[in-house]
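Starting off, we have a lone chain in the form predicted on its own, written out as structure tokens.
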């Protein structure tokens, strides 16, 4: 395969359609007699919904239907890994972030649907908002999800608040205590990263219709998990999978953001309720508030190194801000921990990671699945150690870098494609004055 593909030029199959404007994106798809929809979102990130009055919105000319949780009391929660996200928030239920949906508005025009959303009257009982995962870990912190037990192990630190922890993971290799005992210098630092939006050029959008002949809901909407999206829509609505068909238009960019359900379930509800074609498009602001972000991580490294520049021990704690719902957090935070030492040999490693609920926008997939944040932290730590030891940072990395036969923190033995040393050397050769 590598001889046939790598290093050879191939035409990008969809390049011509994209540059000539022939490519069909979701927003380009129209049907006769099509309706438009918008979703009324939470006015406060942590609150109980006490009243929802849709009378003024329903009386607006051009409004076809408004759907609330009272219309569909048996909807099932959804999610990529852990199904904790509600389709609609009902009276007496809790909002967990500003993107939570309260009502679906379907109208003859997009502007009418938007105006109707503004006319919906909402009364809430505000609760203390938790935006910092360190606050959420405290025993006296407000509980984000009272009804969830999470995915916790029996190794969880008893000083932490288990109610706000989605999951915990652990890593052990060699003997960290012995490694630190052999170290001539020990370094402890904390690193923090921020929320980052994936910002694909096309924000989330979908269009669909009801096929009377087959009783099937057909949806044209971009997704990175075609069959998982189909399954999640079906299980949320209590329908067989074959009654939901997801058709992939040109995707318009994703970078992880379109792994999660966005327009799909609400669009399906609108289609089933009206039996007419419906279009649902997020604004950029709506996408920013509602859909996933790259995880902010708090990363605490404690590293031991000998005076000759060889690493002896590495200990890491990772605290990941899940936001309001799980999405890909169990995988992202866990995988980030597994890359805690970067491409560097360390015989003795210990690590723990916590994925922590807050009232922030939920966090999920973005290119690298936790490794981008970890790379910032471990290479910052390497620079810190090299400077303190008075060793050239490139040389310091070279003498600790992986090679064939090296073992990763989770015990994987590397048998091929280990090019760290080669990469560093080639970069040095390209750098003015490099050796």
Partner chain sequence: MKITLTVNDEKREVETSPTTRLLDILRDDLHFTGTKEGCGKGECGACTVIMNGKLVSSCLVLALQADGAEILTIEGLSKGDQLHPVQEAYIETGAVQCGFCTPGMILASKSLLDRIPDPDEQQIKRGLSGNICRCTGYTKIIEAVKLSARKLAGKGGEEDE
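Just so it is clear, the model here is predicted, and its values are computed rather than measured. Positions refer to the first chain, counted from 1.
Beyond the structure shown, there is the form predicted together with the partner chain, which is absent from this document and is the topic of what follows.
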Output flag, 9, 18 and 23 jointly within 4.5 Å of the partner chain in the model of the complex, heavy atom basis: yes
Contact with the partner chain in the model of the complex, heavy atom within 4.5 Å, among 142, 253, 90, 162 goes to 253
So which of 199, 156, 134, 272 gets a non-hydrogen atom within 4.5 Å of the partner chain in the model of the complex? 199
Indicate whether the partner chain has at least one heavy atom within 4.5 Å of a heavy atom of residue 366 in the model of the complex. yes
In the model of the complex, residue 58 touching the partner chain (heavy atom, 4.5 Å): no
Is residue 27 close to the partner chain in the model of the complex, meaning a heavy atom pair under 4.5 Å apart or at it? yes
Which is the contacting stretch out of 101 to 109, 312 to 320, 244 to 252, 71 to 79, given heavy atoms within 4.5 Å of the partner chain in the model of the complex? 244 to 252
Could you run down 270 to 284 and flag each residue that has a heavy atom within 4.5 Å of the partner chain in the model of the complex? 284
